[in-house]
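Here we start with a single chain on its own, the form predicted alone, put down as structure tokens.
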Amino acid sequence: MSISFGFEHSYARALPGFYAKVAPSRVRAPTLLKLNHALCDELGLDARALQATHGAAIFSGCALPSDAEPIALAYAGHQFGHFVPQLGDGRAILLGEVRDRAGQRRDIQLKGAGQTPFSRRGDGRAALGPVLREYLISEAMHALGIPTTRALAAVATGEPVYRESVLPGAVFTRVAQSHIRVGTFQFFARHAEPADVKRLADYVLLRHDPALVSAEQPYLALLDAVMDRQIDLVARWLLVGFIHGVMNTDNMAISGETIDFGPCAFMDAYDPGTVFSSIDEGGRYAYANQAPIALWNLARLAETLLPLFDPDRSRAIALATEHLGQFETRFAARWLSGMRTKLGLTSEQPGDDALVQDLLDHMHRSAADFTCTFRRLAAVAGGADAEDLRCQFHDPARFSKWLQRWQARCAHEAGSPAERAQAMRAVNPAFIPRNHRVEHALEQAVRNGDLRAFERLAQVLSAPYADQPMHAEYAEPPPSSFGAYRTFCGT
């Protein structure tokens, strides 16, 4: 078989010595479970040919495109606040970069493709459940309009992997604007010369922010650009109730994409302290901590760039502190702007922050469902009876007073109630990857080899803002019998 993807290898050419050349391990009986036809088209790949003959072999790593040059990337990272000087792609192998139809450079990477020099005694493999989970949630994030890595393919290997139990193995194909992380900069800063950190920063500027190359202080401009992307990303997470679960510096992409979906989940009942990850015992990465952690991670990035800000370390620290000091104000403005939009407000008025916070306080006291509250509020904006909304709250009369305040605030907005409701539905999803639905789909796939629940859920999640009355049950919160939910790393 000979097939070309049109791969380029700019990272490998620009930064030799900071990756390992490694070939994927062959597997026994690869079967293509899912191929993302729409993404294939974006990337200029022939989905029909891949589906029919080549996909299982290529996306399992058994037979690579002729122009692939597989490598595993090196990086370091702070994991739960503790620095690990060498991590790297322990089970992921970058095949190369393609130019999509818009001219954007995109990485194509296999996850679960076998051991690399960075595997740290791991087997380099992935189980079917985590592969399908990442496929579902990354594509759901894309449909929600949130920057994210994408799912190109999922392949069953026909071989077992050994975790707490024996599980079916799989390989996931991930697409990203790049796989450069804060941890990549940390690795260069720890193990390389200052000139190598500059080479990495220059490469990132050319790849992600070419307009900044000619800036008066390009490396400070790069820090600002990464900060802006993280502010926008984390605000978008909070606005849909998403909790990443493992915001280590090696899981913060310089591109501003959501990356690594192991312990992540979406919140049902609103609680700012929500934690799902079984390994986050102290709540470091709880829902409400995600913005402060993003700032903490950005400070670690700034530390690696200090020599590029100014030769004098004291002045460099002062410059970094000045720029990072803008984070909280900029994040608060971005988040409040998003919350105004969720409430159907297009203008800025004094007291909007209090209106938003009072709603969240009502939701927290009543354990109201985050997604349903905002979707039902959109219906009320269009003239629907408010009873379905009020019944979520323990004290409906008290909540009704907030509702009257909101309606009075909306009366000062331009546009008809129908237009306001339509605008609110466009930003308040009806469908998110409900944890009980995800678990059911994965259980059916892993235990029974049945992908029907997975396929149906993926289809529903591809249109999260549409009403989809034929799938109304997918918009409902979990039954009380579902109980407390825990997520696991999946490595």
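Computed from a predicted model, the values in this text were never measured in an experiment. One rule holds for the numbers: they count along the sequence shown, beginning at 1.
Keep in mind that the form predicted in complex with adenosine monophosphate is missing from the display, and what follows is about it.
K.L.:
Quick check for you: of 93-101, 211-219, 302-310, 123-131, which stretch puts a non-hydrogen atom within 4.5 Å of adenosine monophosphate in the predicted bound form?
P.N.:
Among the candidates, contact is made by 123-131.
K.L.:
Identify, from the list 315, 365, 190, 163, the residue with a heavy atom within 4.5 Å of adenosine monophosphate in the predicted bound form.
P.N.:
Contact check passes for 163.
K.L.:
Among the candidate residues 278, 79, 400, 407, which is the single one with a non-hydrogen atom no more than 4.5 Å from adenosine monophosphate in the predicted bound form?
P.N.:
Selected option: 79.
K.L.:
Does each of 89, 119 and 251 have at least one heavy atom within 4.5 Å of adenosine monophosphate in the predicted bound form?
P.N.:
Every listed residue reaches adenosine monophosphate in the predicted bound form, so yes.
K.L.:
Could you tell me if residue 266 has a non-hydrogen atom within 4.5 Å of adenosine monophosphate in the predicted bound form?
P.N.:
Taking the distances in the predicted bound form, the answer for residue 266 is no, it never comes within 4.5 Å of adenosine monophosphate.
K.L.:
Consider residue 374 of the chain shown here, and say whether it contacts adenosine monophosphate in the predicted bound form, taking contact as heavy atoms within 4.5 Å.
P.N.:
Although adenosine monophosphate is absent here, residue 374 would stay clear of it in the predicted bound form, with no heavy atoms inside 4.5 Å.
K.L.:
Would you please decide whether residue 75 lies within 4.5 angstroms of adenosine monophosphate in the predicted bound form, comparing each non-hydrogen atom pair?
P.N.:
Output for residue 75 is yes: heavy atoms within 4.5 Å of adenosine monophosphate.
K.L.:
Which residues, if any, of 177-193 lie within 4.5 Å of adenosine monophosphate in the predicted bound form when only heavy atoms count?
P.N.:
Nothing in this stretch is in contact.
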